[in-house]
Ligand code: UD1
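Okay, so here's just one chain, in structure tokens, the form predicted on its own.
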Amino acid sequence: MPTRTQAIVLAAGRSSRFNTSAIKLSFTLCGQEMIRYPLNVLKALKIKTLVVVGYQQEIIRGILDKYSYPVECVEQTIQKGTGHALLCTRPYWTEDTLLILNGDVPLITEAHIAELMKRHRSTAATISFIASYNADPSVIGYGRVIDNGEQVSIVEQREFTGDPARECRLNAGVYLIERAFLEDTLPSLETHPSGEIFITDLIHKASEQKKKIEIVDIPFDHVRGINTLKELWVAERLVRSDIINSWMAQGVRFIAPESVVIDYDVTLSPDTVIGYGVQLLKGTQVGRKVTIDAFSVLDGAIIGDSAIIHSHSVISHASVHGMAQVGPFARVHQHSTLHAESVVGNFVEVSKTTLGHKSKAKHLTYLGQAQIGKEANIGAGTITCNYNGVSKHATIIEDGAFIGSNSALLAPVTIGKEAIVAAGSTITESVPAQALAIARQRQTTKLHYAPLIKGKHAQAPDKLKLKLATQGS
């Protein structure tokens, strides 16, 4: 059931430490924009959500427009700190408890937020927040939680002057705060020398007023914020590791899991084997007993049971049915379908094409906008010439047709059922069923002519020297 809590996600910052043109919250981790990770947690908990936008807000709004959970955006026209961002949302508060979190905490889980909410309610706290212990001095960008037993405060990184090894409790930037306290206290927060107002000052205010403060400590890996591209890389490795561990527990074998790239919404099935350096990208679905060999890339691909994807193959937004084979070094893309037991082999490219049951294109072939029936054979070097420089046309190859090597089929053209196209043919007209089509110049053979050709080439250098000498005189 929906909670009596309202969430506020802070997403207005400039991401200056990324040193990139785009706001960091639009960067993806395992195929999903960073800001969607905390939003997914709030969606799972059914918490009504506000998102504070500011710098490059059109990018964030564009991401949110495609999001399946309704959120409301509030603009922070001038970025003057987290406290100011929270103040901008004040007219939109509707619940008695507010959950505030940064948009760059992709490793926070539903369980963490649920534990924070449970502790907050059970202790009747005014403020509860998440923290973590980490004594690594290289970890920067986190406020330090100072708790001397009588008072609690959070000192921002830029203002901290203590010993990081001793004061190693870090603020995660996730807070639950009672609305009544916020309404009384937030407007009175002071502006720091940097020109910013900080949410963290609310902790000190609550402590001074002897309000109940609860701290929930969780492992550091789950509170990691992302302020640099290096931190993005570390976080993505952690997310990817969780994804791979989950699939291994469900019977998927990874030959070298540390080398695999896999997105959050990929679906795998038991008894499938994933080779070294494989990339499984957004929307890919893989059936049972599938083998995907080294360095293959699957992007939005659907792979049926017992299919084999040989090494260095690229399959993008295409379907490969059960027991079909692709590769090595093949490319299947743009809504193509390979039916059961079909074969697309070495250096074959398939685009907007259907390859029928048990049909084969095994070597050095381009099939574009082709409809190929069952048990057809496409010889090496065959090309469906589907583009005339102005528009594209379809090629139809019916059941059982045989296309000889190095043939060019100029679309639109139909090769009939069980027809044969002789090797080296350029086909410009449709071929009827069971016909033989030969479209090439008749061969001319000159007996005993090879020695003459060789002799002519052998004398050419001497004749060239004589010509140059004559010209020089």
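A quick note: this is a predicted structure, and the numbers were derived from the prediction, not measured. Quick note: we count residues from 1 along the sequence shown, nothing fancier.
Just so it is clear, the following notes concern the form predicted in complex with the ligand, a form of the same protein that is not shown.
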Check for me: heavy atom within 4.5 Å of the ligand in the predicted complex, for each of Gln76, Gln79 and Asn171, yes or no. yes
Among the candidates Val278, Ile218, Leu189, Val105, the residue which, in the predicted complex, approaches the ligand to within 4.5 Å (heavy atoms): Val105
Just to confirm, with a 4.5 Å cut-off on non-hydrogen atoms, which of Ala361, Ile309, Ile199, Leu99 contacts the ligand in the predicted complex? Ile199
Would Glu156 show up as a contact with the ligand in the predicted complex if we use heavy atoms at 4.5 Å? yes
Flag Gly143 as yes or no: does it have a non-hydrogen atom within 4.5 angstroms of any non-hydrogen atom of the ligand in the predicted complex? yes
Quick one: is Gly225 in contact with the ligand in the predicted complex, heavy atoms, 4.5 Å cut-off? yes
So in the predicted complex, does Tyr175 come within 4.5 Å of the ligand, heavy atom to heavy atom? yes
Residues in which of 191-199, 280-288, 338-346, 119-127 have heavy atoms within 4.5 Å of the ligand in the predicted complex? 191-199
Heavy atom within 4.5 Å of the ligand in the predicted complex - qualifying residues of 7-31: Leu10, Ala11, Ala12, Gly13, Arg17, Lys24, Leu25
